[in-house]
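First comes one chain, alone, set out as structure tokens in the form predicted alone.
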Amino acid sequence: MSVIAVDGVSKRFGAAVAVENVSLDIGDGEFVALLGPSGCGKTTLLRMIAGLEQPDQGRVRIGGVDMTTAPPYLRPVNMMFQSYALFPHMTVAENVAFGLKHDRIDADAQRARVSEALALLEMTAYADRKPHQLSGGQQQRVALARCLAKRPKALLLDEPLAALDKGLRERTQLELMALRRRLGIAFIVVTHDQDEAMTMATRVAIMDKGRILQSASPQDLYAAPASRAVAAFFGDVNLWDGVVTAQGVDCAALGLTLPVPCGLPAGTNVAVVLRPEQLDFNPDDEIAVGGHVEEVIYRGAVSTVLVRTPTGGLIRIVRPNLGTVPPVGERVTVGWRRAAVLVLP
């Protein structure tokens, strides 16, 4: 049984469609990321699961129980907001206990749950401090502890790492992954950060214009996007227009016909997808095209090299900085294997 089952939900704000006919099942222990550009509907979907918004149509079931119209305080899920929403006049322990008092949990059970949650997040030593005496990362842990103390079936996170610096964000990503494994509960996170989604999630649902375009593991989304829109949004990519011919796919940007079968009739317009790490400066590969280096973008461990073809197309290549990276202006030959090419309608 799914912990959370969203069945055909839609939500409109006036004439604007926020979420349209979305269905999504989330199992126990899954870490699902809702990923998409601003305004795609991911936060609205999360708020409908939490009970903070009511769907115009469709159902939300939690633990097999229809919770579509249930208020937030009756739903066995907890939501952590980007702002953390800690009470400044309360201590850390009092903040963590707040939801338990609201649920009329007895005092002994409250103390036990608060101690357990603080210990889980290594915040026991800070129990008597006020929020202003904590760092941003520590405040985030308190907000997490407050959610976990209620022992929810699922934890809902709305852009939880957006306010953290890069180093702390990466450490917190690892902590959340370890926490999910230890607790075995479902995590649902809203993010617009692809790296964050790929790092933490066991499954990513890519949203655009209120719909889920594809829901799959990060590995499957990267290697086998279901559409041009998914390929363009998820990860670095070379994406060119093409037309199917009897010989393969004619790609004007590259000035050649790619000898790749795609099972589509001649004349069909397609998108040619090629991940930049699958290319190299090798004229002996199965497919090769010449050009000149237009730009080199240094990124520490790797560099992104942009190569302009004689027909005006731009090729993006990612290479490790262990060897030689060609300088701007140099003429090069870029090569790749036929199996690396993905053709999408």
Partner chain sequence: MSWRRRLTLALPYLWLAIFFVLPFALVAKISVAQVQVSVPPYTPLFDTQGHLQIDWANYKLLFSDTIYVKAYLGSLRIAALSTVIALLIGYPLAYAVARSPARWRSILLLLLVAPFFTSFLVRIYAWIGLLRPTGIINAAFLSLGLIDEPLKLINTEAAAIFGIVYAYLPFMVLPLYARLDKLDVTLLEAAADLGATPWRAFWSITVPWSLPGIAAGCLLVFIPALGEFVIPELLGGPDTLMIGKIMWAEFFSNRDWPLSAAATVLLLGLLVVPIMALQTIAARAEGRAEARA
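Just so you know, these numbers come straight off a predicted model, no measurement behind them. Residue numbers count along the first chain shown, from 1.
As for the form predicted in complex with the partner chain, it is not shown, yet the points below apply to it.
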For this session: Heavy atom within 4.5 Å of the partner chain in the model of the complex: which of Ala252, Ala119, Ala229, Met90 fits that? Just give me the one.
Result: Met90
For this session: Note which of Ala186, Leu274, Val77, Ala197 lies within 4.5 Å of the partner chain in the model of the complex, where distance is taken over heavy atoms; exactly one does.
Result: Val77
Problem set entry | 4.5 angstroms heavy atom contact with the partner chain in the model of the complex for Ala85 | yes
Exercise. Would Phe233 show up as a contact with the partner chain in the model of the complex if we use heavy atoms at 4.5 Å?
Worked result: no
Exercise. Is there any non-hydrogen atom of Ala50 lying within 4.5 Å of the partner chain in the model of the complex?
Worked result: yes
Exercise. Is Pro218 close to the partner chain in the model of the complex, meaning a heavy atom pair under 4.5 Å apart or at it?
Worked result: no
Problem set entry | Candidate stretches 168-176, 236-244, 200-208, 129-137, one within 4.5 Å of the partner chain in the model of the complex by heavy atom | 129-137
Exercise. What residues of 211-239, in sequence order, lie within 4.5 Å of the partner chain in the model of the complex by heavy atom?
Worked result: none
